[in-house]
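A lone chain, given as structure tokens: the form predicted alone.
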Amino acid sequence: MGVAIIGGGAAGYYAAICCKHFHPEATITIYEKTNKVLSKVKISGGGRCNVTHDCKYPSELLKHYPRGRKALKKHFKLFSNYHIVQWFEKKGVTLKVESDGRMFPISDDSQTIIDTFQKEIQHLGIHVKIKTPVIGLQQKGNKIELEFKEGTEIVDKVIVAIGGSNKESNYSWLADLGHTIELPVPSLFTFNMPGNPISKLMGVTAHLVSVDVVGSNFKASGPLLITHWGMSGPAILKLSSLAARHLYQLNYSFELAVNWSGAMGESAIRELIIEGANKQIKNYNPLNLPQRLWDHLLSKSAIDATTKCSELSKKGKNKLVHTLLYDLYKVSGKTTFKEEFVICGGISWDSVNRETLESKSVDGLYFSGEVLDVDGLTGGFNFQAAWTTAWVAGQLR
């Protein structure tokens, strides 16, 4: 059996490996259009490769997928983060768990993961052809013909693992085959706040805040990082993913509300201020925020930092409470992570057999990874979706 894997990324490589496991006699070739393979693996997690996340149960994993959750439910029961950790351990790579649940190789080097994949496909006799874009395919009886810039090739099965793209035109050849394409839009991005004074605090992190898009039901919580262009960090990235399509429709122009207390209510904040008594509000800092941020919020609330908590006027106290619980920022635009971008959208789940990930319109054509309409929050979840869908597609059922 001849099998073509289109795409030399994480999903493509693992699909090829799984395919060889399930079909040892198959001849498998990975076709990558660029001169690089596993490029997202290389840069993931700041060059350390965030392989997966330490969730104890599949149900816990599923909570981190704004799109594709229903389709992944059954597959995570059969192949979850536990299984990919076990697979790497069998290949001599131990993964460590960090305090936030993200999992990395103990080497803290993505090259460890890349070397493991390269060694494995070499051992299995899987071929890799770089700078070989597939520009089209069509059904030929019970086989599939691949079209290249120079010539064609007939194979028995194909797994498409080209990743996500923010250009709908890059999916046109798949749409021409009868697949419905969900509009691809960016997910996991940071918020731009041009000219906002808070950008002077770049580098400051608030460790637990809650954020929401004003006028919507989209909310998220976690650490928030102030940058020279606006805001980033897990809370912002999570919100951008949950609200990806909504923010696209708003052309990334909206108001962001920040609760600097995390999840505290107004009465609790007022009680904390009362407990400050004769302490200067600058030094009291009841939420234990980074001092530069606390000073900024006091200034924004028009409060003299040397004022004692007990001497705060009613108006000043109300203003401070409002700033801490509902601090508004105008967002105008987004910033994505260069090659590490994540896209929501792609091949609609209605176009595939969810059990096998085979196309409903082309026999023998399968999909794995982000080319499908699936995306996860930051923290290793997108890679986990790649590993799981590659394992499913690689069975060629």
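Remember, predicted model here, so these are calculated numbers, not experimental data. Residue indices: 1-based, along the sequence shown.
Omitted from view is the form predicted in complex with a small molecule, to which the following refers.
Only one of the listed residues (N196, N259, T180, T132) places a non-hydrogen atom within 4.5 angstroms of the small molecule in the predicted complex, and that residue is T132. When the small molecule is considered in the predicted complex, only one residue from V342, V352, L365, L61 comes within 4.5 Å through any heavy atom, namely V342. Mapping the unseen interface onto this chain, S359 falls outside it, with no heavy atom inside 4.5 Å of the small molecule in the predicted complex. Mapping the unseen interface onto this chain, G163 counts among the residues with a heavy atom inside 4.5 Å of the small molecule in the predicted complex. The shortest heavy atom separation between K40 and the small molecule in the predicted complex is within 4.5 Å. Although the partner is absent from this view, G45 contacts the small molecule in the predicted complex, with a non-hydrogen atom inside 4.5 angstroms. Contact annotation: the small molecule lies within 4.5 Å of heavy atoms from the stretch 155-163 in the predicted complex, the single such stretch among 222-230, 155-163, 242-250, 312-320.
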